[in-house]
Every structure is written in C-alpha cells, then in structure tokens.
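A single chain comes next, written as structure tokens; it is the form predicted alone.
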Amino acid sequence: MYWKYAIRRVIYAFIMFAVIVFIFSAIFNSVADRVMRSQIQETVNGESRAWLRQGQQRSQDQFLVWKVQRQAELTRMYHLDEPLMGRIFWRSIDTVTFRLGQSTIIRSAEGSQDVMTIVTERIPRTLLLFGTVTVLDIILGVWLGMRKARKAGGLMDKTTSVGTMIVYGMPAWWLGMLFIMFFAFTMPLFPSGAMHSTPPPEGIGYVLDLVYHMVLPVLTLVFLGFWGTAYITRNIVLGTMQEDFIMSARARGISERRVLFGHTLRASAPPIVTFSVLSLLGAFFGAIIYEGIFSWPGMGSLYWQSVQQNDIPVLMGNLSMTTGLYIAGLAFLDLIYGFLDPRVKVGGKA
C-alpha cells in the first residue's frame, strides 16, 4: 500500500533529521554551553538591576542568596547541570522541536533576538531567488535538452555541449563577479547587489524594485545552471528513446513530435525532476557564495554572518532549518516518484 510507504518514508526522514541535529549539537556543544551560561548571567544581572530599581527592602545576604538560587534555577531549566550526553540530548530535542532560543548578536529586521524569527525571515528570500532560478533552469534546460536529443550529433548538439563544458569549467564566483562588473559598472543596467533600493519604494514600486534587483543574480545563476540541465535532459531522453514502447509508438505511426513530448518526456520526467529538485536543495548550501557575491540577505548570508560573529544559536538554527528543508525535499521526491513514472511500483513486493 502506498500510504504505508509514505508513512514509513516520513518516519525515516524524521529519524535522519534527528540524527544529523544530534551530530550538530555534539560538534557545537562546548561553544553552546559557554553561550548559554553567558546568557544566563546576563539574564540574572538584568533581573538584579530591575530588582534594585524597584527598591526592594532586603538585606545583602538575602540578595546574594536569591541571585545564587536564580542562577541555579536557570541552569537546571537549560539542563546545564547534567552530564555531557544529557546536555547534547536536550539541546537536540530543543532544535528538533524548533525551540532555538535567543541569538547573542544578530537581530531580525524588527529587532527581535528570537532565532526562529531571524531564520524564518531569511528563508522566503532564499526560496524566492533560487526558486525562480530553478524554474527558469528547468524551462530552458528541458527545452534545449529536448532539441539536442531530437537532433543528436548535429551542429547545435555539438556546439551547446562544448558550451556546457566551458561554463562548467568556470569558477562560479568569478563568473558572478564578471557579470557584476559588466552589467552593473561597465554597462550600468542593473544594481550590483542588495534586495531593494534604499529607501525601498512602496506599493507596486516595491515589487518592481525587487524584480529589478533580482535580474542580475537570476541571470547569472540561470546562465550557470541551464546548460547542465540541458545536457542531462539530452542524455536521459536519448536513453528513453531506445526503449521498446517508444519503438512501438513510432511503429503505430504516431508523429515524432508527439512521441518526443507525449511519450519520451513523460517517461524521462522522474530523473529530470529529481535532478531539478536536488539542484534547488543543493542551492541552499551553495547560497553562501552567491548571496555573498550579490549581497542578497538570505540564509547563505545569514550563515556567513553567524560564523563571523560567533553567534552559535543562529548558526545552529540556520543549519537545522537548512538540513530539515533538504531532508523534506528528498522525502518529497520519494513520495512523488511513483506518480511520475507508472513503471515504478512504490512500496510493492519484490
């Protein structure tokens, strides 16, 4: 039954996510302990100042006893009084349940120090940029790949294959800087970076300004990506065209265009979709390079900022959200794979 497979796959994904989070918690445990103890000390000091401003009539000994008790209470609350494995375990539980705590330095646009607020503020920006790039990559790559497969070995196939090797041999950061120099400075058509003008316009101008700032990073990333999509699509389609059901469709007199787009493309869809979704998921990990080049305020730039400023709670939150999105994407691919290819019997017996 498909629903049994779906439940099993979701459970596997959650277990994988929990194991990876546990590893992250173990790696950053010592630094996270220092950060948490520092936050506890700041909390107690702030409460002490508030208590003194209110003019509480207590002796110095009562104040010191209260302060020690408050520190011990917060230490127990955050499980810092437990052994090493206990601290790692409870920190993993907090991360898996997305109780990410407070940042030490970084703040959200509204000034909040809540890590969940900071990270979720950046996710839509990264999804907007790389989601747009992935859609354009699929459209252009599949179109070009189908044309290459239709006339394999022809002039266009050979020239575009050479172009693919040239583009893939270029360092991505170098090509990005080259595009910025040409389109932002030599021919100032687009801004060199950022997400909006300063100050950002209002109304429909806000959307147009956002699109205007997206043009250059999207153009660069699509130029880097669609060649590879086209090359992979071409090879997948060529392999599918050798299948018996394609030969049978041609023997029945079905037009070549219908065979190509109606039969071949449908059967080739699963690996193409898999490659496309994995490219989108992988972009989250490569976002640190591209978002840094184009000053795009997404998850990649947040990752680099948290590393530079040693903000461990934000770093852990960013890593956990990125890992969760990646694992969820893999599970999503497994769940839809059977719908895209009728030859695949998901969850069936061998």
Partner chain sequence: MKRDRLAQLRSFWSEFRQVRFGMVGVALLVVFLALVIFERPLLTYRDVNSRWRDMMYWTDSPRYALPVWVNWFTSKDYATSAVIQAQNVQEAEGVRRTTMEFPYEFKAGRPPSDVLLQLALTGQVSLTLDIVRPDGRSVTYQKNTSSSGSQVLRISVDQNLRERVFQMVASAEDPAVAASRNPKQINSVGVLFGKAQPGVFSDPQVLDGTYVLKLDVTLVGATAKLDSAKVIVAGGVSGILGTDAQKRDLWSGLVAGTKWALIIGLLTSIISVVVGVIYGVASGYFGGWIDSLMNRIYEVFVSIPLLPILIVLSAVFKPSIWIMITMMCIFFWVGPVKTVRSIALQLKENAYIEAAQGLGASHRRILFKHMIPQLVPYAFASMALAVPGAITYEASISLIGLGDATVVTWGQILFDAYSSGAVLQGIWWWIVPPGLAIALMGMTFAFIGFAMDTILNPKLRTR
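Positions refer to the first chain, counted from 1. Note that the structure is predicted; figures quoted are calculated from it, not measured.
Not on display, but discussed next: the form predicted together with the partner chain.
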Inset, instruction - Flag this candidate site as yes only if 173, 241 and 256 all have a heavy atom within 4.5 Å of the partner chain in the model of the complex; otherwise mark no. - result: yes
Inset, instruction - Sort through 10, 330, 18, 336 and report the residue having a heavy atom within 4.5 Å of the partner chain in the model of the complex. - result: 330
Inset, instruction - Select from the listed residues 135, 178, 194, 105 the one whose heavy atoms reach within 4.5 Å of the partner chain in the model of the complex. - result: 178
Inset, instruction - Check whether residue 292 has any heavy atom within 4.5 Å of a heavy atom of the partner chain in the model of the complex, and answer yes or no. - result: yes
Legend entry - Partner proximity in the model of the complex: residue 231 to the partner chain, non-hydrogen atom cutoff 4.5 Å: yes
Inset, instruction - Find out whether any non-hydrogen atom of residue 27 is located within 4.5 angstroms of the partner chain in the model of the complex, and reply yes or no. - result: yes
Inset, instruction - May I ask you to state whether residue 44 is within 4.5 Å of the partner chain in the model of the complex, using heavy atom distances? - result: no
Legend entry - Contact segment among 96-104, 76-84, 124-132, 232-240, judged by heavy atoms lying within 4.5 Å of the partner chain in the model of the complex: 232-240
Legend entry - Within 95-123, the residues that have a heavy atom no more than 4.5 Å from the partner chain in the model of the complex: none
